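Shown here is one chain on its own, the form predicted alone, set out as structure tokens.
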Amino acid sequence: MEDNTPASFVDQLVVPGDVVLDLSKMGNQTIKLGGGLHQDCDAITVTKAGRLRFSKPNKYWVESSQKRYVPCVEDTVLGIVVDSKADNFLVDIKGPALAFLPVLAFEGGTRRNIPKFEAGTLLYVRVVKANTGMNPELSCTDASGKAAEFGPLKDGYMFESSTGLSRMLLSSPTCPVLEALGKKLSFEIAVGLNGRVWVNASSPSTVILVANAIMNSESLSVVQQKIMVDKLLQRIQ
């Protein structure tokens, strides 16, 4: 008799074909499926290897560290403008296809105040549509239509990471490397779930140190991350 309760699979390694949830046993619960999961009738099956993750109240996804990003609705990502058309900006989000950012998908967006973005502009955006075989659609607003933290990221330094490192940086409570850096340094950071990180600070040496610390942190334990940050900080004092 297998234990097929959702909790039994959370944080466990899963592989394609595993049935991790049986909706017929979950009553009237509404659940949200993220990347790596597929619904077939009442069975929720795994489509890529990784760890099953859960966030309250009701979202499940499979987390795996990979270079290639598979877009999911509500992901926050860092996109690079490739081109602009009459109705959309074409944006590279490291996915299988370019994403569309409608020219009106901004707070108070109208035809009169369409933003102008050059090719190469870095944007912090939200994925609002992600259907297989179609270009993902992005927005520069939160769910209530407010700009919030979304929009162009000026200056600073953007670097690529794995998707696993991005998720670690966005985890709650604050991941050790960012906590250790934040105690000693003042900097801005934007992390995209698509494996891109942007850092900005008043001095270039701070930007380089923060970027190096983050890139070094992926394979380190909590204690090792703190030691590594301390060593980097000693160099600039």
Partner chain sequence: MQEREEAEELVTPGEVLGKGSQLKAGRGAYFLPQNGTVYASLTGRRSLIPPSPLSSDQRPTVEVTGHSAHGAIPEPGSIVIARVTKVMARMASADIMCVGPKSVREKFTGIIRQQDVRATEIDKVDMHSSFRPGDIVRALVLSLGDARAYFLSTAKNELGVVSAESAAGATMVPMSWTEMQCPLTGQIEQRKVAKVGGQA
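Think of the rigid core as the biggest set of C-alphas that the two forms share within 1.5 Å after superposition. Residue numbers count along the first chain shown, from 1. Please read all numbers here as calculations on a predicted model, not as lab measurements.
One more form of this protein, predicted together with the partner chain, exists but is not displayed; see below.
- Listed stretches are 153-161, 132-140, 72-80, 119-127; the contact stretch with the partner chain in the predicted complex is 132-140, by a heavy atom cutoff of 4.5 Å.
- The contact with the partner chain in the predicted complex, taken as any heavy atom within 4.5 Å, belongs to Q39 out of Q39, S171, S55, S202.
- Taking the rigid core as fixed, one finds a CA shift for I31 of 2 Å or more between this form and the one not shown.
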